[in-house]
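For reference, the chain that follows is the form predicted on its own, supplied as structure tokens.
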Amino acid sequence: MDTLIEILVFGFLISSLYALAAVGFTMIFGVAGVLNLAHGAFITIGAYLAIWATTTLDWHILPATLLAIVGGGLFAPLVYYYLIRPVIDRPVTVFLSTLLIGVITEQVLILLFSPNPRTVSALIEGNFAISNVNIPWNRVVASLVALVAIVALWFFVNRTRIGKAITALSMERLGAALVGINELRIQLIVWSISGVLAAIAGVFLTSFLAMSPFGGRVPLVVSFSIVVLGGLGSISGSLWAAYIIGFAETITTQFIPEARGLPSLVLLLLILIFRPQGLFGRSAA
């Protein structure tokens, strides 16, 4: 019974963070048509901004998290504006550019911080117990923040003018331009949202798993697997896929701790072979 409780609770908690990271990834693909391999870099940038603020500036974790969110929200659109937008009509160049951005980010972080994993303090310390299973409050807060952010994003996309412009651009670029939608403005907003969501996920992942300059690789692979499993461009599909992969990973690590990243790769391979359109197919939202 304790094992079942642990799988259910921790599977739900980690899946919420995976969903948060994956939604930003799928938004960029849905609107810009870019498989953004720099998404892992957005996660590590957020994590290391919080690490730098708490260790070098001696900030409390809360303002450090706000700094990470602002940094992620600025870094991602700058990447798009200066590095992706000039080559957006060359898919191979875009793909390689995002890969190189991720690698360069890793190397810069190694020079600045060393390759050793680091961590940040929890937003809320302490644990509570369900049966004999101790659950950190920090993980609960992380999942709640992730869910609130995802719900807020859903309302933003479906209930605001900018959100409807995002949906229109993801469906038909030429039609959006004909009705006066400013594509550059919408793209910058989408990339900024993706950077913010990635930064939040990065800070929380760092608080209980630690983060190295290479730490964005696993969340990137997981995000990619979630987006493919849920259907490229489908936000709702990504949410379902995040929980499928999160629970699969939790069950696996319960019995084989070293195989933490394996379930997402296996599921990715299977979905590419048997259902390449994903569980929900491609969708704007």
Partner chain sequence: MTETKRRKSFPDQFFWLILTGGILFLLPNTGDLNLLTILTLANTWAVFAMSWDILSGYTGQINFGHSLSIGLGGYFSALSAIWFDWPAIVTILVGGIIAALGYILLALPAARLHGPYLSLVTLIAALAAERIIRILKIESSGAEGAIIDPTKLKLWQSPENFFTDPYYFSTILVLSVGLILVIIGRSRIGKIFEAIRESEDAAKAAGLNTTKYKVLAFAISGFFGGLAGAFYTYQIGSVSPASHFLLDISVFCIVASVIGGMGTIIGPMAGGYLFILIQEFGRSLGSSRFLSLFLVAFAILYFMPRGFLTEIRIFIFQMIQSRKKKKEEPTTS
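Positions refer to the first chain, counted from 1. Rigid core here is just the name for the largest C-alpha set that superposes within 1.5 Å across the two forms. Because the structure is a prediction, the values reported are computed rather than measured.
We do not show the form predicted together with the partner chain, though everything after this point is about it.
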Assert contact residue (the partner chain, in the predicted bound form, non-hydrogen atom within 4.5 Å, options 210, 147, 83, 168) equals 83
Have a look at 130, 178, 78, 96 for me and say which one sits with a heavy atom within 4.5 Å of the partner chain in the predicted bound form.
96
Using a 4.5 angstroms cut-off on non-hydrogen atoms, would residue 161 count as touching the partner chain in the predicted bound form?
no
Using heavy atoms and a 4.5 Å limit, would one call residue 232 a contact residue for the partner chain in the predicted bound form?
yes
Residue 245 versus the partner chain, in the predicted bound form: is there a non-hydrogen atom within 4.5 Å?
no
Close approach of residue 62 to the partner chain in the predicted bound form, 4.5 Å, heavy atom:
no
Please determine, with the chain shown alone, which of 197-205, 84-92, 117-125, 138-146 has non-hydrogen atoms within 4.5 Å of the partner chain in the predicted bound form.
84-92
Is every one of 103, 224 and 265 within 4.5 Å of the partner chain in the predicted bound form, counting heavy atoms?
yes
Those residues of 251-274 which, in the predicted bound form, come within 4.5 Å of the partner chain by heavy atom:
258, 259, 260, 262, 265, 268, 269, 272, 273
Residue 256 C-alpha moves between the shown form and the other one by 2 Å or more, core aligned:
yes
